[in-house]
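Only one chain comes next, encoded as structure tokens, the form predicted alone.
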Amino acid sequence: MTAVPQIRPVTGAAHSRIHGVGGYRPVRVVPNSEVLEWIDSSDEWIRTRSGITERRWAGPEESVAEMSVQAAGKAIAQAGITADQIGAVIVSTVSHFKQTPAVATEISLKLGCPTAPAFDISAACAGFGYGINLADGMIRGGSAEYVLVIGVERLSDMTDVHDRSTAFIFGDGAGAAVVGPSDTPGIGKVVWGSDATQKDLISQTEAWDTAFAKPDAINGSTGDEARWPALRMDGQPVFRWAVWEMAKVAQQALDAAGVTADQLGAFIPHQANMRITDAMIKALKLPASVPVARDIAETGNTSAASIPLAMERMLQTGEAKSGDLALIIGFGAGLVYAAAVVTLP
């Protein structure tokens, strides 16, 4: 009897790490004073409620693809590689409105790596963490040497500016990271998951096919004229979930990495709400000496882009240093989440 041949084992790098990070922030700054033209509120209320003073909204030329290319170019340059060395492109976004082809393919073509596997994922505000986990597995599994992970959003396109509960929250932007091989562990175990029983707490108002079948029902807007479905959020349950459940997930990521809070060089949570960040700091007993990302104040909630954008800013300002350990955690619509300890590029 002929023996069944054995498949040759695949070997990859022993470990992976983030080698470069880059971000793109749209030119247009939207201060709270402009938001107050659309909703009955106050600057103090918005700041107290969220910590946001302004946000960036993309213009006509600042598409999801173009913002991604700008952010990715910075990350590739910092990583010290060329675009043709990218072995895969992963893009997390919920605001690229063309169903197919994936925007990742357009980005890979513009960057100069058109033959790399390229695909989109939809994991909302946890998308960057999901992408990092996928990249880590691909590198250690031997299917790619360098993986480009991008989180990008144009949430202004999905914001109902007349909705008092969400009009002030969302912003636009792109953040990118190059993940590659490492001699030592640079990405801890990613603790990820979802609570699908609460999936409707953050959602699109209605499906695209339903909305466009009934044009008069389209209720999303970025101005006075209704355009298309918008984002809706049940704020109080989301706040409670994020504060109590995500602190546990963050601690699990620390434990999985064998790191204690006082050994961190930075805490970079998803920029959802300043009050959520403060509550997580307290729950984790994070020492005052550990710098915390507060990019939300000037950038708003950029969903999948928020962690890499905040990471880039902390490194640029010197709040965090290359080689430091950072705890990252993203959480959002789904309800999905992902947390890990990473070495900063």
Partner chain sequence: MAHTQDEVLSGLAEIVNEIAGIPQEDVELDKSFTDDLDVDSLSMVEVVVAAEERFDVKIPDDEVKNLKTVGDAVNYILTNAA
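Residue numbers count along the first chain shown, from 1. Model, not experiment: these values are computed from the prediction.
If you look for the form predicted together with the partner chain, you will not find it shown, but the lines that follow are about it.
Interface residue remark: Arg240 is counted as part of the site for the partner chain in the model of the complex, having a heavy atom within 4.5 Å.
Asn273 belongs to the set of residues with a heavy atom inside 4.5 Å of the partner chain in the model of the complex. By the criterion of a heavy atom within 4.5 Å, Ala279 is counted among the residues contacting the partner chain in the model of the complex.
Although the partner is absent from this view, Gln236 contacts the partner chain in the model of the complex, with a non-hydrogen atom inside 4.5 angstroms.
Contact with the partner chain in the model of the complex, defined as any heavy atom within 4.5 Å, is confined among 240 to 248, 100 to 108, 262 to 270, 82 to 90 to 240 to 248.
For the options Arg313, Arg294, Arg49, Arg56, the one in contact with the partner chain in the model of the complex, meaning a heavy atom within 4.5 Å, is Arg49.
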